[in-house]
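To begin, one chain is listed below as structure tokens, in the form predicted on its own.
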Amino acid sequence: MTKNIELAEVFTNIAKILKIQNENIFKIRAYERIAETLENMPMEIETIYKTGKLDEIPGVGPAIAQKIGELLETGKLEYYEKLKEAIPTGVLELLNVPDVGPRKAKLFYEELGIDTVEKLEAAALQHQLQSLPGMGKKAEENILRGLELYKKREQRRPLGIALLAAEGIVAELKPLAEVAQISIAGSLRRRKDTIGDIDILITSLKPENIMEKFVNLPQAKEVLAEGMTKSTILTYQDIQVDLRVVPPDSFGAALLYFTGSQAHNIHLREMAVKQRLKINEYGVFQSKDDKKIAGENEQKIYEILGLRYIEPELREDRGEIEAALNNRLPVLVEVDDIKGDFHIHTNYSDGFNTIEEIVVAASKRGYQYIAITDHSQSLHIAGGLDEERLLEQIKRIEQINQSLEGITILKGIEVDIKSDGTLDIPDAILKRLDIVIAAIHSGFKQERKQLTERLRKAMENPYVDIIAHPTGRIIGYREAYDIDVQEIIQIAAQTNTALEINASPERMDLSDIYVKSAREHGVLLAIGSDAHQISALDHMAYGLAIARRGWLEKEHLLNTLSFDKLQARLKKK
């Protein structure tokens, strides 16, 4: 485990204990933010510490810097050790179960001695929870549902976590002289929103050194299997990683086979049989004499079957093979097509960085524009902006824009959709903004009709340009709201409202299925990183993955418009 991850885990646990102790929310957020920063930081924290530059890390003040130093110097943190004395480790894990907040975790431990997830499940199944103060039958049922989500999350990891882990392993193996070609495969290559395990494929004629390096990687917590052509490790994040080594002349066939999906591969094999061919992970063979006619690269295999090359993100047997046969495959949007980001938070609300810092980072990414969309006043816990503070921010953005070249800041807000569908910022102020994204942040358990109607009313507002994270899901923690998504898509088409692809790895919302449906109904999509600190601007890549899986081309995304065309499009609403 790298020191970055190790320290991030400590600060995450500190935040959890402080939640149970009902500490100040801003103190808790400070520890959560530094944990997130450490997890996403490309440089090793030890290197930064040795050069005396801890204060240059966002969110590291004197107190946090002292704690980082103590952890690096001694391997322990006295403050953390004292906190742990009051709360068993298992109680902290309870906070990872949806619907178990700090108050309930403390209640379960003090009243029933529940200090593990297993004990919590047993107590819920025996109906011991509903008799506790403030609980009841419905609350107990919610916790049982939360336990099911928890189990699913333990089996699968969000794309963001799995992709970073895989890229780290590829970076370790790629420089080896024995490695000819290397690629991520499996559902991770197809960029599914959650990943079961990681598949990596290598071509080499001398796999011994590669396998030795692989099983001794710093990421390896445990070696599950070790062989000449296949080995398996378990990382410190409990992700299984399978490494396969194949001959160069089979790389394309193996990559196609192990990328999947299973349904896509079966369809290809059925096509091959009709052409008196057979396909497997070793190549394409003539049925009559087993003569190998392809296998080195994927493109050739598709070509032999009479197909255009199909991008990995499309390989789900959802019409991509028929589209390839009829030359109707979409030209998928690329990262270089992205001109800006529509969902960014600053330190005006619950973000970490100043507007100026974000602009510098966005400029380095080549963006023409960014939208500053802090929370509005109803979201008190996030320091939401009331009318006065929003007007102050508008003025500040206008001042900053006067000195900028090559990039423009869009004045925006993530306005809260209240229980009755009205917005918590009046139209008189919304019309002064360049862009408005509206979102539901409360009342998640309302009935389907009421939730859908809330979104309808918001989309009918002439100043609302985008609906943020439309289904409200948080992967592994909260299921989507009970809304009629297809009706929402139709309303978006009628009202000329864009739907967001929220790129945060925890959300990935809309999902690819609904993105494709929105495309087919003529609804524009807008990717928003939902960044709360500079490093999260890179979440754009996850939003792009959803867009590609949803068959989006440049014309289907607001983010691909030039600044002038974007202005014209926003004025239409």
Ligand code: DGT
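Quick note: we count residues from 1 along the sequence shown, nothing fancier. In this text, all values refer to a predicted model and were calculated from it rather than measured experimentally.
FYI, the form predicted in complex with the ligand isn't displayed, but the following is about it.
For the marked spot (E93, P98 and Y150), a heavy atom within 4.5 Å of the ligand in the predicted complex is absent from each of the three residues.
In terms of contact with the ligand in the predicted complex, the residue from Y257, F108, F352, F342 that brings a heavy atom within 4.5 Å is Y257. Among K457, R396, R156, K418, the residue placing a heavy atom within 4.5 Å of the ligand in the predicted complex is R156. In the predicted complex, at least one heavy atom of N265 sits within 4.5 Å of the ligand. Taking the partner from elsewhere, R190 is found to have a heavy atom lying within 4.5 Å of the ligand in the predicted complex.
Proximity of R103 to the ligand in the predicted complex falls outside the 4.5 Å heavy atom cutoff.
Put simply, I195 is close to the ligand in the predicted complex: some heavy atom of it is within 4.5 Å. Residues within 4.5 angstroms of the ligand in the predicted complex, judged by any non-hydrogen atom, belong to 195-203 and to none of the other stretches in 109-117, 217-225, 439-447, 195-203.
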